[in-house]
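A lone chain, given as structure tokens: the form predicted on its own.
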């Protein structure tokens, strides 16, 4: 007992000699300054911004096209082209859906890459083309490439190069240029008579929804966030109204506009609602949008392209500035996607 008392006394005296600790207010101010500075530095790496703090998505740089002309640089062929995708990425998900709807699984092969916080980008489970990461594959295709190494990538196995890394263009090619080999060649997701309407929806949805959720999540000022969140839900409300009398965005014909919207909607309640602060409403709470999401999810082959756990793991686990603790939420319950949608009654 004597030793314990002596130790306690010594500790008390030692504490007194050190003087008073910093005031809590000063500690909080210092901590906030340090964290804000670090956060802004990290955000600058993953989310380039303008002077108003709005997220500005860089454009894709590799934009060649596959053609049905046999003498073209990249002629359509079975087994020649390959897709590199990330299961969590909504842009890459588009290509998997069109590949599944057109039944091109035996025509175009796929490799799934995974994000690595340590490597700072997408990496392979096993090396491909003697590359350990997607960034190395980009360098193989174009030595000196200085842009972002993003998915999806449409790769030409014959010339060892990247044909295209813009998802909006890749899905157009998958829809039209491989019909000779597709098991569903008559399915046309971009028909001539609907192109104008499809393009109008695509432009609106890209800015306010597809990229809009990122503009919310990556906003670096309150003003930028307010602008993005208002545009996002204004467009969702507009789509909700349109779906009241139309099974799909362009009537009763499934199109590329629906594919492009679906991949964002699928991730909305899982990631964007919480992590990206898009929390005014869940998609499942909209009568028409919720049923539309279930309708799309239940189309043949689509559910097989959806990986809920990869979405949660990659968004919450790898976007460190938005979720420093790296804790993966247990919910939400997405079993509602299998419930009846009753959308086929429209039209």
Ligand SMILES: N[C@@H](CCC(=O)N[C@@H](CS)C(=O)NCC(=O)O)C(=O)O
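Numbering follows the first chain given and starts at 1. No experiment lies behind these values; they were computed from the predicted model shown.
What comes next is about the form predicted together with the named molecule, which does not appear here.
Taken together, 237, 246 and 289 are entirely out of contact with the named molecule in the predicted bound form: none brings a heavy atom within 4.5 Å. Looking at 225 to 233, 72 to 80, 90 to 98, 189 to 197, the stretch with residues near the named molecule in the predicted bound form, meaning non-hydrogen atoms within 4.5 angstroms, turns out to be 90 to 98. Of the heavy atoms in residue 254, none are within 4.5 Å of the named molecule in the predicted bound form.
Remark: residue 166 counts among the residues lining the named molecule in the predicted bound form, judged by a heavy atom distance of 4.5 Å or less.
Although the partner is absent here, residue 122 is a contact residue: one of its heavy atoms lies within 4.5 angstroms of the named molecule in the predicted bound form.
The named molecule in the predicted bound form is not approached by residue 157, whose heavy atoms all lie more than 4.5 angstroms from it.
Taking 133, 264, 150, 220 one by one, only a single residue has any non-hydrogen atom within 4.5 Å of the named molecule in the predicted bound form, and it is 150.
Residues in 219 to 250 all lack a heavy atom within 4.5 Å of the named molecule in the predicted bound form.
Relative to this conformation, a decrease of 3 Å or more in the Cα-Cα distance between residue 92 and residue 319 is found in the predicted bound form.
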